[in-house]
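One chain follows as structure tokens, the form predicted on its own.
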Amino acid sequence: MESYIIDWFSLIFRWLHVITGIAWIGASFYFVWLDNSLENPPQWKKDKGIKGDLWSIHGGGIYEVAKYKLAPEQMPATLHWFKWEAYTTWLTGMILLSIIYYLGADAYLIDKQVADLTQFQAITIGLGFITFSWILYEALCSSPLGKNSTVIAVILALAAVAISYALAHLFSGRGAYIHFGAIIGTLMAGNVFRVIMPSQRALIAAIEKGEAPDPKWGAKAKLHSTHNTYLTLPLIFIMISSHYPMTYAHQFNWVILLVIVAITALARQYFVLEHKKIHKPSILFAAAAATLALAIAIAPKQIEVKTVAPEDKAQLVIDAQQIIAQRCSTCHSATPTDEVFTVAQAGVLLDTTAQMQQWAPRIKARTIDTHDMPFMNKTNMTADERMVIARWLSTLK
């Protein structure tokens, strides 16, 4: 019953996390597009302090949007703020991290083949990385180096390399990826809380006092909003990465993570420029080529399997099915015996010969190509047993 209750909490907060994440990312994408799509307004609008405007159509209506350089002539009675999308996404993400990776640290976070950690040690290290990464980022942005975008980009890139390497050598592949994502999400939500919102409050306060707003507040908020723009696509990848063991379960998973972060940030650059009517399709082609090159580079090596003699086939089938029953069916069964996974994950059942054959491609991908299954190898499948399964799979072609 405890596992069932935890599953429901996981479902509810994952659902909320996705909903609020869509709202946050959607608003972020819209305002970046809006800012980059503004056109030079007519003189009468400039005289009112309008910096740029645009016209658009959506949902059967025509909209006119204008952005003031600093402040309007008179503040409107209602001013819409965008903050709770970011805060709620971060809060639900941290709750999910706690439910899945901290309460279930022994199952999801700790991989004894990577580092022999206790649950307390793993949680402390995870929270430490998230906290100190945010402190480092804040210190860099607040320092004189923060005024040089190239220098800070290089420093942050080097920090990302160090962090991804360290996480991959402390946690499971899934745990390393999700903590890298939690760091990115914390930086993004921190930008909203520590920079963007205070900047907007300072702007409003100056207007209400009848003072000229300090342009530095708007510039600072825009800088951190731009940072968030380039972090969005890498974060989305990490959110779905647990479905793709060829990335997190690879020997060089930390390198793969960094490459995908770079590729997705590059793809985002294409759209940012496109908003400004700067056409650079070469950027998108470069991102696509890099993705293809990565896919080729990390493709699983073909295992040399000895040809199975006809007279040995029957016994091989029996041996392979016994191994799957012993090592895999504890979780992937109509009646699982595993203490954590009380329902067959992903609906994969391996109770019968027909079911094993049905899921043969998945068995190959998860058990032979990536060694992602058994989960964390908690049933201690040996290399020899994997070879027996590989030989059996070769007879199904």
Ligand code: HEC
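This one's a predicted model, so the numbers in the text were calculated from it and none came from an experiment. Start at 1 and count along the sequence shown; that's the residue number.
The protein also exists as the form predicted together with this ligand; that form is not presented, and the subsequent description refers to it.
K.L.:
Does this ligand come within 4.5 Å of a heavy atom in each of 328, 332 and 366 in the predicted bound form?
P.N.:
Verified in the predicted bound form; spot residues all in contact, yes.
K.L.:
Pick from 108, 137, 270, 217: which residue has any heavy atom within 4.5 angstroms of this ligand in the predicted bound form?
P.N.:
Only one listed residue qualifies here, and that residue is 108.
K.L.:
Exactly one residue in 348, 54, 27, 50 has a non-hydrogen atom within 4.5 Å of this ligand in the predicted bound form; which is it?
P.N.:
Selected residue: 348.
K.L.:
I'd like to know whether residue 378 contacts this ligand in the predicted bound form, with contact meaning heavy atoms within 4.5 angstroms.
P.N.:
Residue 378 belongs to the contact set for this ligand.
K.L.:
Do residue 338 and this ligand come within 4.5 Å of each other in the predicted bound form, heavy atoms counted?
P.N.:
Yes, contact at 4.5 Å.
K.L.:
Within a 4.5 Å heavy atom cut-off, is residue 174 in contact with this ligand in the predicted bound form?
P.N.:
Flag for residue 174 set to yes.
K.L.:
Quick one: is residue 374 in contact with this ligand in the predicted bound form, heavy atoms, 4.5 Å cut-off?
P.N.:
Contact with this ligand, yes.
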